[in-house]
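Heads up, the chain below is alone and in the form predicted on its own; it's given as C-alpha cells.
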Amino acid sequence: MSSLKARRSPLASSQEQIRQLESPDFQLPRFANKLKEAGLFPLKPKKIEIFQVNLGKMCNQTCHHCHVDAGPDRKEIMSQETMQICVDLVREHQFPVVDLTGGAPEMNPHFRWFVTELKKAGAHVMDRCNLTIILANPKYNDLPQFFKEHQVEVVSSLPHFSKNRTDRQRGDGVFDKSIRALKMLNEVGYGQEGSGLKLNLVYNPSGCFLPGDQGGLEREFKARLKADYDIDFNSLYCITNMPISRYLEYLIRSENYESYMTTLVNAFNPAAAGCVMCRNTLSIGWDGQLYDCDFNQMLDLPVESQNSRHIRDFDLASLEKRDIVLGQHCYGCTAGSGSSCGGAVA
C-alpha cells in the first residue's frame, strides 16, 4: 500500500478507545494501583524541560502504527498565532528544548518561521522528521541545509534496517526514500563525528512485542546501515508501540489485544515508571490545548489544571502542581526498559 495514497480507515473515537482499554470483559490491574504499589501515586511533574509542540496532523505518509492517525487528508494545522504564543512562553520561561512533532511538522506552512523564532528565543529545537518528506516535493529538498543552518536536532523514524520490514509498517517505497534522505542529511554533516549536528533514529517493533535492548539494537543498526548504505547516525531510540489509535485497531483486528496488554502489564517496571516523559515534558496540541503527553493528546485527555488547559491561559505554577492524568495505555511507557520520545528510560 502506497504511503502517499493510502486512505485512513475510520477510527474509533478517543472515548471508545478508552472504553476498550478499560473493558470489563478483560480485566487488567489498574495502572494507578501499580503506581501506588511503587510509591509513585499520584504521579507529579518535575521541572518542565521539554516543550513538545504538535504542528498538525497533516502528513505525506499513512503509517500502520501511527498513534496520531496522521495522513495526507488531515487538515488540522497549528496557526501562526498559536505558534507565536509558544515562542513567547519559551522566551519567558527559558524552556531549554522544543520538540516539534506532527504529522509531518514540516508541512505546516509556518514551520520554518517557527524554527527561526524558537532559535532566537534561545531554545534547542528538535524536529521529528519522517525522512520521506524531504523527497516528497521539491520545496522540501533543502530541508537538510535548513536544519543545519539552524542547528536543528533531527529525530527520524526508521522501523528497521531492512526494506521489507520498514515498507510493511510505513508503506511501499518508504525505505528507499528514507535511505536517500539519510544520505542527504549525512552529506551536510548530520551524524558525522565532530559536526555537532545530531541525527537520531527511532525504532519501534513491527509486531505485537516489546523492543529489544536499545544498546544492542543501536550497534546492529549502525553496523548494517554503514556496511550496506554508508550511512552514519548518532543514537537509536527504541519506542514501544502504544495501544491507541491505529495500533489499537490492529491489535483488536489481529486478535492480539489481550496478549499484548498482558505483556505490557507483566513487564511493568517501577524504575521506568519513575522516569516517564510526562514528568519533564508538556505536550501542546495543534489547537493549543495542553496535555501531559502526546499519547494523552490523542485520547483527548487534557491536563488536570483548571487554570491552564490552553496555551493562551498558560500558568506554569499551576501546571507544576498538577496530578498527571493516567490511563491503562500508560503501561506502554513503563514496560521493560520503559519508553519515551527519547527511547528507553531505565
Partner chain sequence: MSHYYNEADLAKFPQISEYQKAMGDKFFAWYGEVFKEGALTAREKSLIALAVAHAVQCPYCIDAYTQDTLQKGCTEEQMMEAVHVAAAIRGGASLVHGVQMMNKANKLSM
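Keep in mind that what you see is a predicted model, and the values were worked out from it rather than measured. Numbering follows the first chain given and starts at 1.
Omitted from view is the form predicted in complex with its partner chain, to which the following refers.
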| item | value |
| --- | --- |
| Single option in F147, Y247, F161, Y140 placed near its partner chain in the predicted bound form, where near means a heavy atom within 4.5 Å | F161 |
| The single option of E220, E76, D176, E153 touching its partner chain in the predicted bound form, heavy atom within 4.5 Å | E220 |
| Options 88-96, 113-121, 161-169, 239-247; stretch whose heavy atom lies within 4.5 Å of its partner chain in the predicted bound form | 161-169 |
| Contact test in the predicted bound form: V188 vs its partner chain, heavy atoms, 4.5 Å | no |
| Its partner chain contact at G71 in the predicted bound form, heavy atom, 4.5 Å | no |
| Contact of P105 with its partner chain in the predicted bound form (heavy atom, 4.5 Å) | no |
| Contact label in the predicted bound form: L210 to its partner chain, heavy atom within 4.5 Å | yes |
